[in-house]
Each structure stands twice: as structure tokens, then as C-alpha cells.
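One chain follows as C-alpha cells, the form predicted on its own.
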Amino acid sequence: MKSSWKIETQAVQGSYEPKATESRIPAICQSTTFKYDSADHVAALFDLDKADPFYTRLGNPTTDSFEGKVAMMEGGVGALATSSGQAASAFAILNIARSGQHVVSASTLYGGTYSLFANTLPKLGVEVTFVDPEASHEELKKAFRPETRCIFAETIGNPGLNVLDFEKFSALANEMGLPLIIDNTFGTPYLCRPFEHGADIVVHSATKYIDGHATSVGGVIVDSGRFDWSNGKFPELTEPDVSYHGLRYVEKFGPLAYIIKARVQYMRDLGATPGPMNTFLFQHGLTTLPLRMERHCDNALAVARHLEKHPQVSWVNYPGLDSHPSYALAQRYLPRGASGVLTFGIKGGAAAGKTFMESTKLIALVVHVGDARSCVLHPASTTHRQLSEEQQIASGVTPDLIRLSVGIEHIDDILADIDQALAACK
């Protein structure tokens, strides 16, 4: 029944079913370990014959509830919560790519993800080729090698705000026999469900809109359960795992093979475990996600239209504007709204941008997006600071770019703060 509920209902009551006298909402299970009555029960847990919680690094009732709800909202078969969005992206790749193998990724990525792919994965022997997501199908094909193991992209590029052409990328992934991994942080499961457009794996920085209140850092990986891991390219999922007495993931777990392997190998060995308090807060964040995203989208569109008409603003970038290059894609893949982040440039360049950010009063200068509170940042000198100028441009970051994460405050107050800050730039 729950799978047929509308996503707004799933957000409120999905996954968790309390029994008589149990807490109405999932409790915080702040415990590292769990008690059992027999040695055989514990042995079955370590052999992966039972899915009961046995150590919070691998599973916890509070975290299970969050994982179940986000998997339901995304339309997947299972999820794995992590201690950060960065950990989710890393695990999603490492679960299927090892030293000597290769990843193709859209270049328009969050700076931290770009750095992970450009600097850290190569140290582990996994090479990444960045491609322009606007390139043609045939041009994109040239980036692939026999050792390529996946394609990675963001629903809405951060901070370039290009909307991904899912049809083109999913067709490419199918042709190559590879999974398409999508970072849906800006899209959220309310605005876009990538599995409905051909994606195979979804990751989120739960720190952003899922939490929605700037309280907790975390991430999550969601598995569609639809990719054919037995196509000959992923022996780690079909051949025996010596660390589990020769277990074969696809044979034993079927559609859950990928997400279980990520949990029992990478979470077991690398331990990027979210705390139960954080996953409790993520669970609460999901409860109001649809309501918040409606306000974020409405406010962001109003701000973008206001800035487009302002004489001190040289350009505005928001996929909800009909002037945006991704407008048609946004209408197709994000019919409920183009999320709450926009970018713009002020006449006077970086110096004027600095004055603007230091002059806002309601809008805070913080290193964050996706908060209920409006915030502003200059990516070239902060989130993308470690990238070269060429890498910044490839990611969609120009020197004058200001990123504005529009909150859920009253739109009149947001616009008034923007206007007074722009007046200070004269």
C-alpha cells in the first residue's frame, strides 16, 4: 500500500510502522550494539543470513527508518545512509570501480565532488574523465574505455545550475552497459525522481534539503534495483567474496546486491557511519520536504525574476526562467519547480559581489545551501577555491558568480534585503 501513496504521504508516514504502545515516530536508538539470545543468531548476522541490527556501523533501527523512507520516496529497493554526502559519492563509485578502472563524469559538479574525482580517486587508481554534459551523444561516447565502470552526473549542476538531459545520459549508459549514478541533492525526490528517467543509483548530500535546517551532516545512496550486474562487467558482484566465505551478491540478494555490498564491504571496512541522532533529524526533514521545496521553488523563481529586471545585475542563472538554456529540460524533468538555488552577477564584478554579500542582513554569508534560511556565497573563493581557473570554468564557476540559496522566509523580506544590499554596491 505504501508504495502507491503519493510522495507527500510517504514523506510523512513512509517506512516506519509502529506497533501498539510503540513510539509514534522512530525513536533515537543511541546504542552501538544490540543483545541476542543465541550464538547462532549472531553467527547468522555475520553470514548475512539475517538482516537484524547487530552493530551501528552496519545498521541501526533509527537509521534503518530513514533509509527506508528515502528509498521509498525515490522509488528504489534499498538505501545506505553515510556520514556525509562526500562519503555517499565515494562509496557509490568504489563499490563498483577498483584500481585500474575508470569513471566518466559530467564536469558540472559541486566543488567537493570534483576534487574527490580529480584528486583523490586517482590516488586509489580510479581515473575519472570529465565531459561537458551539453556534448552530443557521439562526442560523449569518445570518453569511454573498456575499463569504464559507471557514469556520474548531477540532476542540477552545482553551481552551474544546468539541468541534466536524462534521456541522453541514460541512453548512453544503456548502450555502454553501465550504471548511471545521479547526485539528486538539488533535485530532491520531491522535485525529480531520477529512476523514472533511466538512472540506476542515486546519491544525496542529506546535509542540504533532506535535513533542511542546517543541523546535521550526512549522505545517502539509493539503489533502483534494476541494473543488470551480471552483464559480465562487474565480477565483484557475481564472483565469490572471500570475506564472506565465497558469497555471491547477485546470486544471494538479487535486486539488492549493489546496496548490500556497499553496506557489508565499504561501510564495514571504511566506517563512514552516520550517527543515530543525525538520521533521526534527516527522517524529520523528509517529513516536511515537499512543503519546504514548494516554498523554496516559489521564492527562488520570484527572486530570479526580480534580479533579471534589476539595473545593477548583469546576469541571472536559474533553470525556472524561460531565458535559461536548461528551461525546456527543467520543464520536463522538474515540473514542480527548479529547486531553491540561483546564481547571478553584479555589475562591478567580484568586488561588488563581496560588498553585496557583506551587506545582506536577512541573508547570511555561510558555506551552505538547502537550508530553510536564505544564504549567499562566492563559490570561486570558497567551495571551488581548490580548483584551477580552468576547472572552475568547467564546473560552471566564473569569478563574478554569486550563489544564492533562497530560503522559505516571506518573499517580501527576502527581496527587500536583496535590494538594500544591491544599493550598497553603487
Ligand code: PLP
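In this text, residue numbers run from 1 along the sequence as written. Since the structure is predicted, the reported quantities are computational estimates derived from the model, not experimental observations.
Separately, the form predicted in complex with the named molecule exists; it is not shown, and the next lines address it.
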key: Stretch in contact, per heavy atom within 4.5 angstroms of the named molecule in the model of the complex, of 296 to 304, 318 to 326, 182 to 190, 166 to 174   = 182 to 190
key: 4.5 Å heavy atom contact, Ser205 to the named molecule in the model of the complex   = yes
ask   = Can you check whether Ser84 is within 4.5 Å of the named molecule in the model of the complex, heavy atom basis?
value = yes
message = I'd like to check something about Val217: if you look in the model of the complex, is any of its heavy atoms closer than or equal to 4.5 Å to a heavy atom of the named molecule?
response = yes
Heavy atom of Glu154 within 4.5 Å of the named molecule in the model of the complex = yes
ask   = Given that the named molecule is left out here, which of Tyr258, Tyr110, Tyr209, Phe234 has a heavy atom within 4.5 Å of it in the model of the complex?
value = Tyr110
